[in-house]
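We begin with a single chain expressed as structure tokens, specifically the form predicted on its own.
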Amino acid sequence: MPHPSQTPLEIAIAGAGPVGMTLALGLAMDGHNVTVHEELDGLSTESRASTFHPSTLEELAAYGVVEDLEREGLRVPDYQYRDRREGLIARLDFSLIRGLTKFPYRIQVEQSYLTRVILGKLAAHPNATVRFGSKVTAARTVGARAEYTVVRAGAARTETADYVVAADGASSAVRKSLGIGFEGMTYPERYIVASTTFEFREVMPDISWVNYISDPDEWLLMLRTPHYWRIMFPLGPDEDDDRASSSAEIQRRLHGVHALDGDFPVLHTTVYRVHQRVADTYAAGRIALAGDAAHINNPLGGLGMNSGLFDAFALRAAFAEAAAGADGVALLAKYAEQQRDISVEYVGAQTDRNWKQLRESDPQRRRAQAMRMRDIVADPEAHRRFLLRSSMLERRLAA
């Protein structure tokens, strides 16, 4: 719910992705003066995160955007763990948590839709400004203010605010300017994602809209967005990016999912490396890090954007307390400690487990994993606990 401000703050945000824009909307609703600086000339349309978990929807309801997500997105009532050779292992049914949340489902819709919706809503707030073609390259605390460098039209200038939030992505210029380390690991395999308008449920009617499919040779993730299926495959260490992205190779992989008579319609493909990294700290004086600027993780489980949005929710609450007279620097230090612990102990650990489970090659351990998942879904209480944890509701309900 909104946090009414007693003394409006001036807050600059670097980055107009889902985290920066969500934070901007919350702060504007609370009466703060907020400026978002985005390096691009407009909002990104890149195909990236698309999963909104029940816990995230619970929080976003206070921002007035869930109805938009519902209207455009795909409601997902369950998801599946499958084996490429044996078929269905376990179906996770969100109806088991219906009494614990108003949103017993996921919504699948591209993150770029959320940022477009928020940009429209910010237009109704005269205390909010979004500047495109404006890159924040550095920030520091100077006395009782935050000072930052912004480059627009090739010219650099210095501006000030009460606080600066860096939501400028994994290569965050603000984080680097502060000398904050970003330690972690790079996974040994790259991923390739292919998007296709072919309707797999017409030929595979027992699959869900979201499917984690294990296999010792080539695991995959199949998920549906409102307009297409997105299929993620691993690439071997010796596979060439250009060859892997070729039409022939993409068709070969997709025909391995279903032997179609003819070619699949392919909208686009992307090859990328996956990292698991966490900033040494999420705050330095009057500067805070959020989203990918603070933590990046394996996308298996859909926790990257969602955990970043929880950074935005936590920062909104912290700034509300600062506006009411509390020590803002101390509040950011507390935010940094709490959110970093969540990134390390919960998000990072869970996504790494997902990766290991999908690619497990030992037959005995694969059988044990399958039996464990079948036992979980057969026990209503264990099933419910699994859903609460994987949907990020467990911590929210415990708070």
Ligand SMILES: Cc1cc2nc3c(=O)[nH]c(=O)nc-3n(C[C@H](O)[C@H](O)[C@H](O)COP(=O)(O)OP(=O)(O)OC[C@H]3O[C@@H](n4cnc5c(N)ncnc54)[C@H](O)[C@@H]3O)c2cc1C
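Everything numeric in this text was worked out from a predicted model, so none of it was measured. Numbers for residues come from their place in the sequence shown, where the first is 1.
Below, we turn to the form predicted together with the ligand, even though it does not appear here.
The single contact residue among V136, I287, L114, A320, judged by any heavy atom lying within 4.5 Å of the ligand in the predicted bound form, is V136. Screening L25, L387, I11, A16 for any heavy atom within 4.5 Å of the ligand in the predicted bound form leaves a single hit, A16. In the predicted bound form, no heavy atom of V257 sits within 4.5 Å of the ligand. Not displayed here, the ligand is approached by A167 to within 4.5 Å at the level of heavy atoms in the predicted bound form. Under a 4.5 angstroms non-hydrogen atom cutoff, the ligand in the predicted bound form has M305 among its neighbouring residues. When contacts are judged by a 4.5 Å heavy atom cut-off, D68 does not count as touching the ligand in the predicted bound form. Shown alone, this chain has one stretch from 31-39, 327-335, 59-67, 364-372 that lies within 4.5 Å of the ligand in the predicted bound form by heavy atoms: 31-39. Of all the residues from 278-292, those having a non-hydrogen atom no more than 4.5 Å from the ligand in the predicted bound form are A290, G291, D292.
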